[in-house]
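This document starts with one chain, in the form predicted alone, laid out as structure tokens.
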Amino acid sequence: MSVFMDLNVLFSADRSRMQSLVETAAHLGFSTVAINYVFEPTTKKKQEVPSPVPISELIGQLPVVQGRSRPIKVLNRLTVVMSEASHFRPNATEYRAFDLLAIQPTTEKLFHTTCMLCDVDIICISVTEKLPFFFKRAPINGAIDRGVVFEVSYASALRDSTMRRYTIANAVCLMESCKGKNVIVSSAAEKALELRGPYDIVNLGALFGLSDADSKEAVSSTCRAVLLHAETRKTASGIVYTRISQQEALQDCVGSEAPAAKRPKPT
């Protein structure tokens, strides 16, 4: 039996709304959801990266997943809307509080940079407007080789007919370039009525140009790969940090020791 995930449920300060979203996701059969904090920096003033609200404070009791005997798993995710290269800070300590890290680039140059260089888990494709650039194979293949996935969300297509056209058009362009690989489909839902079941999303994938197999992977196994990538990214960062600390400690020890007496040279 497949494990389905929705890695993009928009954060709301309204606790009852979040409770309703998570309960509906569990009822529809999603084993994991990620609460998405969208951060859109501006050049006018410095903005602080939002801190995730503890799950225990946001949601009273985690509901049990439909058809399973365990409660739903809730993660925290940060999405940085990047209109300038400086908006994403690779070593920002604020990012460590989130389980998943995503970027939504707004220009072709930033899209290329994100695909080839940025250490993130998800690259978001805008679905609310016509993209100002075309997808190219080189950066997309670069992201796929690094284990980064692309995300298409569907909730905006339910709100407005114009956004529906943009969602389908942008998704189809992406699928033509990536051949349906390393793609996840999530909701970006603001309320419970915007959520759809896993098999409804699989059917929706056909409109995006996905095969039946790729559509199912987009809400199951590829999402699991995102979680594994996030764990690897954090672990790798931790290993680098530990090595640096050990080197500094060794240098301190060597520096604090008195120089050893020189031995006489053998005759």
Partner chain sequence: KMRAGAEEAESSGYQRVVLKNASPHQYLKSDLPPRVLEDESARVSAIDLKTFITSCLRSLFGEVGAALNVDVLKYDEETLTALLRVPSRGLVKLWSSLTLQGFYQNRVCAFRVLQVSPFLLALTGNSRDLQLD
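Values in this document were obtained by computation on a predicted structure and should not be read as measured data. Residue numbers count along the first chain shown, from 1.
Although not depicted, the form predicted together with its partner chain is the subject of the following passage.
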Exercise. Which of these stretches, 108 to 116, 185 to 193, 95 to 103, 74 to 82, has heavy atoms within 4.5 Å of its partner chain in the predicted complex?
Worked result: 185 to 193
For this session: Consider the chain as shown here, without its partner, and state which of Q66, T42, T232, Q61 has a heavy atom within 4.5 Å of its partner chain in the predicted complex.
Result: Q66
Problem set entry | Contacting member of A26, I35, C223, L204, with respect to its partner chain in the predicted complex [4.5 Å, heavy atom] | L204
Exercise. Any of the heavy atoms of I140 lying within 4.5 Å of its partner chain in the predicted complex?
Worked result: no
Problem set entry | V148, heavy atom within 4.5 angstroms of its partner chain in the predicted complex | no
Problem set entry | Heavy atom of A157 within 4.5 Å of its partner chain in the predicted complex | yes
Problem set entry | Touches its partner chain in the predicted complex: K179 (any heavy atom, 4.5 Å) | no
Problem set entry | Candidate site H87, L131 and F133: all three near its partner chain in the predicted complex by heavy atom within 4.5 Å | no
